[in-house]
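Just the one chain here, laid out as structure tokens, in the form predicted alone.
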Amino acid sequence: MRRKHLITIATSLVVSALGFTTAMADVLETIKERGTLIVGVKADYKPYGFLDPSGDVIGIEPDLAKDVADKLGVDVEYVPVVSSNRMQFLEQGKIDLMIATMTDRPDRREVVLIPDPNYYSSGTNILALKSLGLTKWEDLRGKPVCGIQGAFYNKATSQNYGAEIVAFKGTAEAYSALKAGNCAAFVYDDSAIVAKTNDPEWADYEMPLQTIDDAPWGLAVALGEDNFAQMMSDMIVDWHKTGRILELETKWGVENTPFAKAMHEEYK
């Protein structure tokens, strides 16, 4: 009797596991049946994801998301995300895919599924008035420095260089505080700062320090979506192989980065 009971439990677990796998594997079919791929992207991170004058989300990462939708033969819908909610949106099923300037870290791979290889990379630097004449990280000691809530480099900038971090939820608030003189600098991704220094509105500002902590970016799908992850892995390789990332950098005014050039050389 006990053996029969154990067999029943084991059978139930197998069926349950198979059902779980089947349900999770259905996301690509769900997207196709829905006719729309829903992608979480940044809307405040020019040129990687930002709003045009009409309020549409555009940029390098929305273009990559459109590539995925075209591959699947469906429309694309962009959902603006921020650093503090992008992984939650995947876990909660609010988005199918996340391409949102996320640094690839081991702890994040425990929460979402990040396909290899990485599609992009960036490091840490600051945006500051040229007139301040900052030349080394130690020049930030004792100065208020704007940052983004949850950014991993806030702690390093504070502990290693003595900056007094003033953290904001989004970049718009941080840029406004910097312009208002409430911060001596804004510590952020060098990829975004380079683009900002090319904006005539920020002609008086510069990225004066040596970039540190260069780290790869990973796009992500929900845990268990192995088929979708494999498809994205293949697409990332193709983006590098064909020079798509380099092409998009040029399109959106970013000087081709060492990472994008190296990955193109590796896969072409």
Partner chain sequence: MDVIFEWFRVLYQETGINLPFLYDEYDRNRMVDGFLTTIRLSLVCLFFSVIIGVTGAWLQGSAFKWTRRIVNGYIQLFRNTPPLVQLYFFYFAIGTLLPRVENDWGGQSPILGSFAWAAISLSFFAGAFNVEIFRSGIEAVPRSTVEAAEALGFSKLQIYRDITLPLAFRVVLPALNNNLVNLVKTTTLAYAIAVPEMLYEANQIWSDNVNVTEMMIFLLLAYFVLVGVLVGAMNRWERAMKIPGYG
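Residue numbers count along the first chain shown, from 1. Computed from a prediction, not measured in an experiment: that's the story for all the values here.
Beyond the structure shown, there is the form predicted in complex with the partner chain, which is absent from this document and is the topic of what follows.
In the predicted bound form, no heavy atom of residue 125 sits within 4.5 Å of the partner chain. Contact annotation for residue 184: at least one heavy atom lies within 4.5 Å of the partner chain in the predicted bound form.
By the criterion of a heavy atom within 4.5 Å, residue 73 is excluded from the residues contacting the partner chain in the predicted bound form. Shown alone here, residue 159 lies within 4.5 Å of the partner chain in the predicted bound form, counting heavy atoms only. Heavy atoms of no residue among 198, 246 and 264 are located within 4.5 Å of the partner chain in the predicted bound form. Note on the partner interface in the predicted bound form: the residue among 113, 79, 151, 194 having a heavy atom within 4.5 angstroms of the partner chain is 151.
Stretch-level contact analysis of 114-122, 186-194, 168-176, 95-103 against the partner chain in the predicted bound form, using heavy atoms and a 4.5 Å limit, identifies 168-176.
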